[in-house]
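Alright, two takes on the same chain below, each alone as structure tokens: structure 1 and structure 2.
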Structure 1
């Protein structure tokens, strides 16, 4: 089954280059393009892609706002940021908006494809140099408080499920590993998200890194 991909960038030449690059991939189908945030949101409503490749610098709204709106209306649609911005402000805001991947435009094509495929599979992909920002953020949190050692009231079983979720394991894989039903895994996942007040897998991964549950 092909990954249905929507390209969002305000530069036609960039979209054309991406189309040329990605059209040759047997597992990727480009279903549409958009040059503004509003066009992107309308396209997601009508096309329901699996993954949106999102630029941050759009002429009407930012890609961050567009991502937040898309994830709110269609939480099943994955968003991967492809942008020139590599600073902390944009990076963390995009993750908080619900992006499941963050790749700079200078990255190699293989990195972009890896991010798209990971996002389509419900996983999180962060470009290595940007993942270091998460490590830095984690270390700051650890030095400023002991909060990283407290798992906010999660039961032992919920901590186990959290670790698997943060590592990108699907519900059926978690169920098999812990010898419980998929329905039970889903219930644990819902409880975890509620207790931690998280709304996306990317937020969950960031939390898990901060708490030392997984290593970046």
Structure 2
């Protein structure tokens, strides 16, 4: 079963080049071409290809918007971005639009083929320079949500109370959970708010979320 491919690029020569390049592959069949975003969307509607090779710089709509539209109407159609852009912004936007691959035009032909095959299988191929950006983003997300532990000089008991406060539990609920009096809970809360220079439960909740003590 061949992979049915739609080429989208506003330059005729680029499409022809891709056609030359890909027509030698036994598992790929080019079923259509489009030079604008609207043509691409129409072509997807009528041809239902397995994979769309999508340029970003198109004359009418951007390839990002086109991808969003295609994925919205046909979630089963995979879209691989093939573009000269290697900046962070386009890359992340394309991912959010639902792209199943991102390959810069300077990539080797085999990499493009790998991306097409991966996309057809429902997987994702990312070019190494861009995968690096995504991993970086992932690590930032991770580290911003741990990194706590110290908690600005709060005692153990205060940290314990803080976890309950952050979740919005009332004083008497915390007292029950920790088997201490409501007054003591209030006392701890006062100390916590003084140490952290906070002035309401709301600020406390935001503080706890920033510190990763609780999930939003």
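Numbering follows the first chain given and starts at 1. Only the largest set of C-alpha atoms that superpose within 1.5 Å between the two forms is called the rigid core. For clarity, every value in this text was computed on a predicted model and none was experimentally measured.
Comparing the two isolated chains, structure 2 is the one taken from the form predicted together with the DNA; structure 1 is not. Fitting the two forms on the rigid core leaves the C-alpha of residue 194 displaced by at least 2 angstroms between structures 1 and 2.
Comparing the forms between structures 1 and 2, the C-alpha position of residue 22 differs by less than 2 angstroms, with the core used for superposition. Relative to the superposed core, residue 43 undergoes a C-alpha shift smaller than 2 Å between structures 1 and 2. In the rigid-core superposition between structures 1 and 2, residue position residue 176 carries a C-alpha shift of 44.7 Å.
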